[in-house]
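Okay, so here's just one chain, in structure tokens, the form predicted on its own.
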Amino acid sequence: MIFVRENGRTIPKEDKIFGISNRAKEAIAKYGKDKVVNGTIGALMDDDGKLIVLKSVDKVFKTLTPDEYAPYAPIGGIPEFKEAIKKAAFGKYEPKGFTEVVATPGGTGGIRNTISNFSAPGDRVLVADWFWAPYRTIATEIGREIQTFKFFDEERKFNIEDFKANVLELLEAQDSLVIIINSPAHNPTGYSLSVADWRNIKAIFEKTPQNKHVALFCDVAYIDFAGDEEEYRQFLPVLDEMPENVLPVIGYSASKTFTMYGMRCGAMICIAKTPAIAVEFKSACEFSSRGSWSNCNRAPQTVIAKIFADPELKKMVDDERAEYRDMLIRRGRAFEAAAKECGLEMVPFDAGFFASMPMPNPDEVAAELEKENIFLVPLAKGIRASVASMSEENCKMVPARIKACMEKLAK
């Protein structure tokens, strides 16, 4: 470092995932897309490797007038968007608590604002030991650290006991605690917590000191590609039942649900016990927004507002999304079946964009796979494959190649 102050951060020369993705693109340019498997991308691609954009959403975009996309949006989001995004996030469920919405640039902005406002400098943020790496980047960028709990127990279920131990440890050491739970369709494993898991989490909080405050960030970025929309929202009433010292915050990604990745559109939504807590949430998070990205892109907010204002249009969007969701589920099931057939161990998988395989040497296995023009993402505890960006045929083929590379390196 010459001019840059590290300030407790470890700054890589390039983002790991984007670096691998760039190598995949170079291989495609050199050998052709039919000779390369790019399983790195966190976006839904068709079988030819082309980004899927909902035609119904694109159609609305093309109707926008300058007055609808060019002016600055309010820091917290345009009013029509804020009402629409609550419907998008909650589905048919109507929270009993007091809700407030703050627009964010994708789901990432909600994570950043939650850590910034509901933890203190030097605090540790609790996440599962299989986690999306940018959680650590976001936390360390603003002077916090990450602590992990064991995601799975010996029966390959949510490890409620290790979760409890870490919660109690951190609440003993800190006055406030931010917890991030990514479910359903967890990134990077595809796991989804059950309603019973959420009730067990609530039971733990009911026994914690009420003078300690917990912000429970529910990262639901992939909720609308997990399966039936209402089935996968059955945990929401449990959030309403949390004790007074717990503030649930929903992190919703319109980037994923409406296939508007580059438009960077999302929201953070609180479910507060009192109006005062909800107002405090809104004020603090809008302040943080102003001090970082200022305000969000108006165009996608307008598009979403228009969709929810027109029942016929919304049905078109929902129906089109359902077709691609079914495609994604077929890919995930194909990958799972192929892994079972060749004896490749997977981390418990339910649905979503990603599947992961545990192994002791993920970087070496990923490098070996790249020699075959198969590009996957090595993590701390294994390898992540994006079933969202691979064809069903490649989902059937890739597990055997992972297994073969593991066996080759073990010799």
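Heads up: residue numbers just count along the shown sequence, starting at 1. Worth saying up front: this structure is predicted, and the values here are computed from it rather than measured.
The following text describes the form predicted together with ligand PLP, which does not appear among the structures shown.
- For Gly97, no non-hydrogen atom is located within 4.5 Å of ligand PLP in the model of the complex, even though that partner is not displayed.
- Contact annotation: Asn113 falls outside 4.5 Å of ligand PLP in the model of the complex, judged by heavy atom distances.
- Taking the partner from the other structure, ligand PLP in the model of the complex has a heavy atom within 4.5 Å of a heavy atom of Lys256.
- Mapping the unseen interface onto this chain, Ala103 falls outside it, with no heavy atom inside 4.5 Å of ligand PLP in the model of the complex.
- Exactly one listed residue, out of Lys306, Arg264, Lys150, Lys87, brings a non-hydrogen atom to within 4.5 Å of ligand PLP in the model of the complex: Arg264.
- This chain appears without its partner; in the model of the complex, the one residue of Cys296, Val178, Ala221, Met268 with a heavy atom within 4.5 Å of ligand PLP is Ala221.
- The stretch that touches ligand PLP in the model of the complex, counting heavy atoms within 4.5 Å, is 132-140, out of 167-175, 132-140, 116-124, 203-211.
- Contact check for Asn159, Ser192 and Ser194: none of the three has a heavy atom within 4.5 Å of ligand PLP in the model of the complex.
- With contact defined as any non-hydrogen atom lying within 4.5 angstroms of ligand PLP in the model of the complex, the stretch 44-75 contains no contacting residue.
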